[in-house]
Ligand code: AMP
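What follows is a single chain, given as structure tokens, in the form predicted alone.
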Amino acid sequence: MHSDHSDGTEPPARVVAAAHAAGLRTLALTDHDTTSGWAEAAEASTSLQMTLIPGMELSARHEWRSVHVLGYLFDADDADLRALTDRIRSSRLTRAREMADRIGRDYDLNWDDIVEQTADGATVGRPHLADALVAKGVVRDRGEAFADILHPSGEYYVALYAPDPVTAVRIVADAGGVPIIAHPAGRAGLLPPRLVDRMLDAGLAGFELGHRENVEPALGELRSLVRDRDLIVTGSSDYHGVGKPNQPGEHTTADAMVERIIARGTGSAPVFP
């Protein structure tokens, strides 16, 4: 689940409350490239008698394709991981400013408009530009913004720095975390088998097979892989508040798999009620 510390629309405490209202009793906060929401989420989960799995969704890239590496129970103070996330967040900020400048040449949009849509200390991303465009009446919603003005093939797009997936997996694993590839069977298709093998060698623990963006037949191929390699399988809502239609609990992770994540993660501990 995502909060307004990255591209969600609700503060961590409200994200936890949304999970609780949906009948969930365990959740992971996985904001993009930041752990700044952990403390608030931990306090909220404790007050609601819920278990929190601290996490993050780390940005990576293979050639043209964005790859998101979910990391659970890693050491948030690990020097290599902090250096990497600092670099990614810096790149996000520079990129957002440049995209705002480009868009502002053709539309009524400036940097202050983006800042108004961004919580203090949040990881700035394209969703904040989308929200600014919605607020200014340029587009109806985030979906329209991403389909047109913010599309990677468009003239306003600026590429984001991101490490290769093997490096991202290795750094999460070295920080005591449990790396999982998010929504790995989407419309872009599966990652190359050789790359998957390299990620597994680097410490990849499994795949998020329960996600609304996953499609067949790629999903079936991954089911075979996780069975053959005895990998961890997760499911998640990928909740972003009103930023996406995803709802808390639309996909969940089996208890046995949560237990495997907890047993494997050594960098930090779950927050139990």
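Start at 1 and count along the sequence shown; that's the residue number. Keep in mind that this is a model prediction, so the values were computed, not measured.
Beyond the structure shown, there is the form predicted together with this ligand, which is absent from this document and is the topic of what follows.
Visitor: Within 4.5 Å of this ligand in the model of the complex, do we find a heavy atom from each of 32, 240 and 244?
Guide: Judged in the model of the complex, 32, 240 and 244 all sit within 4.5 Å of this ligand.
Visitor: Could you tell me if residue 189 has a non-hydrogen atom within 4.5 Å of this ligand in the model of the complex?
Guide: Flag for residue 189 set to no.
Visitor: Just checking whether residue 154 would be counted as a contact of this ligand in the model of the complex - the rule being heavy atoms within 4.5 angstroms.
Guide: No, residue 154 sits far enough from this ligand in the model of the complex that none of its heavy atoms falls within 4.5 Å.
Visitor: Might residue 107 be said to contact this ligand in the model of the complex, defining contact as any heavy atom within 4.5 Å?
Guide: No, residue 107 sits far enough from this ligand in the model of the complex that none of its heavy atoms falls within 4.5 Å.
Visitor: Even though the partner isn't displayed, in the model of the complex is residue 143 close enough to this ligand, meaning a heavy atom within 4.5 Å?
Guide: Residue 143 belongs to the contact set for this ligand.
Visitor: Would you point out which of 119-127, 162-170, 69-77, 193-201 contains residues with a non-hydrogen atom within 4.5 Å of this ligand in the model of the complex?
Guide: Single hit among the candidates: 119-127.
Visitor: Mind listing which residues of 2-18 have a heavy atom within 4.5 Å of this ligand in the model of the complex?
Guide: Residue within 4.5 Å: 7 only.
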